[in-house]
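We begin with a single chain expressed as structure tokens, specifically the form predicted on its own.
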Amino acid sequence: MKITPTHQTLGAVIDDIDLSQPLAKADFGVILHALGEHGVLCFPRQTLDAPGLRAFSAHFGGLQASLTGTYCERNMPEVMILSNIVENGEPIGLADAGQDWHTDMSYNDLIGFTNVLYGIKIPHRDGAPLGNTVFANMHAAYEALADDLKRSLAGMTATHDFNKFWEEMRTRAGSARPPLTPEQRAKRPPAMHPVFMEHPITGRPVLYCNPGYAIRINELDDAESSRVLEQLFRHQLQPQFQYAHRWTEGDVLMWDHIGTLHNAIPDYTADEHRLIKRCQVTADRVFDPAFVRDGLRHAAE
């Protein structure tokens, strides 16, 4: 494999690997290390079917299935369809996924490790791709925090709620999302996580508190929690922490949820078609030191 960093705050391109083929242990280790190092990885010119996308993603941990069971590949609830395409009057995918800053699966007790997306149809206008995915570097955001804020928030936790982001997307004009049923909400109850977390690959601290799902800092009263959350959200979204991926058809884009935030830019119309398939990988393995150690050892062999 050839790894070419973007030389921006995040990102690298990995060439000379076919993700539809079985993944060698050494290649897995190199990708695991690169994911921690660069946060966002692009594998261009791939040709993957849904089982292949699922198989590649499963090397990195367990896969989260869709809560609602809609907008998924047939008989594959782990492979979600993100699309604005409508066929026979019915949307084939979730059109408004990710259209604001968040970190997937921070609302779970078992948080997310990585997303793997495969770009099948990318809209263009005037020769330029639309629907960029923008990322923010949470290693860098932590490092740039004022020392007094680091000290005061050390050891504190934040509550993350799936329904916060769902409702934000649902109430936007043109959204087809229904409200979550009580049964669906019960399957995704709020979860608490440290505001500062040690990244399992880099060993360095990250700011793990995102505007999509974080609703309060538990050790503070309501007013102070709201004030500090707004301060953290403004800080982590500063331009110097951001990197934008410009999609090309055939891209497989993979990113680290623990060290980044992301936002899908909805700058295309209903007639400018976008089709992406996605797997969400949980952090059920990456916090196991043996998993990371073995992966990095294979990369060095």
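Bear in mind that the values here come from a model prediction, so they are computed numbers and not experimental data. Residues carry their position along the shown sequence, with the first being 1.
Unshown form predicted in complex with ligand SIN; subsequent notes refer to it.
**Student:** Spell out, yes or no, whether the shortest heavy atom distance between residue 60 and ligand SIN in the predicted complex is within 4.5 Å.
**Tutor:** No.
**Student:** Test of understanding: in the predicted complex, would residue 264 fall inside 4.5 Å of ligand SIN by heavy atoms?
**Tutor:** Within the cut-off, so yes.
**Student:** Consider residue 136 of the chain shown here, and say whether it contacts ligand SIN in the predicted complex, taking contact as heavy atoms within 4.5 Å.
**Tutor:** Residue 136: no contact with ligand SIN in the predicted complex.
**Student:** With a cut-off of 4.5 Å between heavy atoms, is residue 72 one of the residues that contacts ligand SIN in the predicted complex?
**Tutor:** Output for residue 72 is no: heavy atoms all beyond 4.5 Å of ligand SIN.
**Student:** Can you check 220-228, 145-153, 102-110, 200-208 and let me know which stretch has heavy atoms within 4.5 Å of ligand SIN in the predicted complex?
**Tutor:** Result of the contact check: 102-110.
**Student:** Is ligand SIN close enough to 162, 188 and 258 in the predicted complex that each of the three has a heavy atom within 4.5 Å of it?
**Tutor:** Not a single listed residue reaches ligand SIN in the predicted complex, so no.
**Student:** From the list 81, 117, 195, 214, which entry has a heavy atom within 4.5 Å of ligand SIN in the predicted complex?
**Tutor:** That would be 117.
**Student:** Going by heavy atom distances of 4.5 angstroms or less, which of 180, 140, 97, 76 would be at the interface with ligand SIN in the predicted complex?
**Tutor:** None of the others qualify; the residue that does is 97.
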